[in-house]
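Take a look at this one chain, the form predicted alone, written out in structure tokens.
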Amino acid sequence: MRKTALITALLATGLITASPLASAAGTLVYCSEGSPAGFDPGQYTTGTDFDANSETIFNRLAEFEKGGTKAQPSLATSWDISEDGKTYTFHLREGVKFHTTDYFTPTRDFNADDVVFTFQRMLDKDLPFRKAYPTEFPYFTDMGLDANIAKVEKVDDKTVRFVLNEVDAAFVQNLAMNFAAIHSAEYADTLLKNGKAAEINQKPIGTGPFVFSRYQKDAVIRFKGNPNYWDPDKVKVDNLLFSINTDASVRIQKLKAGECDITLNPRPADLKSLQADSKLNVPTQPGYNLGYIAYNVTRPPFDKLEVRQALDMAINKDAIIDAVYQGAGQKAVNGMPPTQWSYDKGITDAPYDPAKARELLQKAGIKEGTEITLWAMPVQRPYNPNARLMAEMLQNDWSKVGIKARIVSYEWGEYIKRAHNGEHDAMLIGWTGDNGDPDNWLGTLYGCAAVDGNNFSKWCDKEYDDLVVAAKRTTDQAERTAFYEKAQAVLKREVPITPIAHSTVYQPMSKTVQGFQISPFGRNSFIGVGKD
């Protein structure tokens, strides 16, 4: 099916209308890997969700520079920090308009009320909107922001003040992250009055470069270029389509056939043919990511350290790197990538030793043939190109030491939801850094505050947590590094996870695409992206 055929099919289903697509150059089609769980960024933690909501529809007070890790002004033009490091005053951009759609027409520009609503909703469970649409905000709480933000207050229409209980060295970077997308307080009030608060997650309103139009689960998301965007030169296409397919081979076929302009996460086996295609570009960069196994320490037998140690040393990582990553990854040793400042190069892996693993399991009283579940992701992620194959190899490795692993999978949104609930024994998961700070790894993934969120091991160790929290409470990088190095040693000793690999990121696209840059955070942003 050529692109014209794809557009014809979408026209037939009513997912797009004819007039905006008169010029093919006005439409950019992105072949994405999965369906978002919703369009309210604060509720979610995965790149699949953020690509479809925060990166397209919303802005934040600060945002990361394109292709980089530096936070720069966005909806806030500047900010001041008090001498004690606990008060941040943001000066807001003037003339920013919220989206006009067939379900909402704003009557005012963006102002301080919108910032206060966005954060009060995450802070205050008694807020009328939160009570009308009860939900949790895992990223916000995983990072301890719910406990550390003492208050958010409107100084005037264009000034907002955040007061913290403790110093947070990465606070501005945290507010540049996707979960901190700014909502319209006016739209929220309208939904609340109409008894439709939950529609904030299905019919989003933001200030971003693209306006939400329609969504058909597991098929397509349609956005329109925002004609009123506050930085109009950054909107290069009239229409942006997310064509959803979980099968990497299908995405590649569509790219080669011209049915999409850009895609992600190609299978390593497809790289040579992609790089040889004269119509395509395949930019690449080292991945700021980690694929790992999380052991749920709240469920037997993973509550025993000897079991976690045994399964860790029973894994043939070298074989997995060869088969799953096929030269597009490196073996992981630590709980974050070696490109992250404060990474401790002195941390080493336990040797691959199935015989020793058997001894440890026997010592822990684990019977031969003990059954566990091993969860495998249904989608490709930047940190894991083939979770099913990895799971099968782990299943084989563990069978050699007497553990029978049954492989389990769910649709991506359900997979994450059930994992947050702690239904897994062991699971394949991973992370791409979100803000360039070590806390985004060591706090967000393994800290006590994250046990009900991204800490899929459900591991809470006081020694470890005290070190990570102390590191966050000082702005001196050398002091922070010393705390983080000690924390990494505890993490390695207690084995709540087994790090597997850091993958190389490849982003295949048509040579007609202009202005796209690979994000170190694994996001796919189409602001400033156009076509020849």
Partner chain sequence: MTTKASLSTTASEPTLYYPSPLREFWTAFSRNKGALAGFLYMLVLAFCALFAPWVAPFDPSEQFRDNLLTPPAWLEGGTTQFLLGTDEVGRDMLSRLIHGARLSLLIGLASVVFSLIPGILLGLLAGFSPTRLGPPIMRMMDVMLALPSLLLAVAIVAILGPGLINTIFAIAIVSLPSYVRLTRAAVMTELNRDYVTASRIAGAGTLRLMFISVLPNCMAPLIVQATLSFSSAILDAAALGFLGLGVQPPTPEWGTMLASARDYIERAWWVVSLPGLAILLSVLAINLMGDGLRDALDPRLKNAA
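Numbering follows the first chain given and starts at 1. Treat the numbers as computed from the prediction; the structure is a model and nothing was measured.
Although it is not shown, the form predicted together with its partner chain is what the next lines describe.
If contact means a heavy atom within 4.5 Å, which one of 358 to 366, 298 to 306, 249 to 257, 89 to 97 is the stretch that engages its partner chain in the predicted complex? Only one stretch passes the 4.5 Å heavy-atom test: 249 to 257.
Position in contact with its partner chain when the complex is considered in the predicted complex, options V163, V155, A269, L127, heavy atoms within 4.5 Å: By the 4.5 Å heavy-atom cutoff, the listed residue in contact is A269.
Here the chain is shown alone; which of S409, Q173, S342, T190 has a heavy atom within 4.5 Å of its partner chain in the predicted complex? Comparing distances to its partner chain in the predicted complex, the residue within 4.5 Å is S409.
Contact of E392 with its partner chain in the predicted complex (heavy atom, 4.5 Å): Although its partner chain is absent here, E392 would touch it in the predicted complex, with heavy atoms inside 4.5 Å.
Considering only heavy atoms, tell me if D397 and its partner chain come within 4.5 Å of each other in the predicted complex. It does: once its partner chain is placed as it appears in the predicted complex, D397 has a heavy atom within 4.5 Å of it.
Please determine whether Q326 contacts its partner chain in the predicted complex, using a 4.5 Å cut-off between heavy atoms. The answer is yes: Q326 has a heavy atom within 4.5 Å of its partner chain.
Contact between I81 and its partner chain in the predicted complex at 4.5 Å, heavy atoms? Contact check for I81: no, nothing within 4.5 Å of its partner chain in the predicted complex.
Let me know which residues along 299 to 320 have a heavy atom within 4.5 Å of its partner chain in the predicted complex, or say none if there are none. Heavy-atom contacts within 4.5 Å come from N316, A319.
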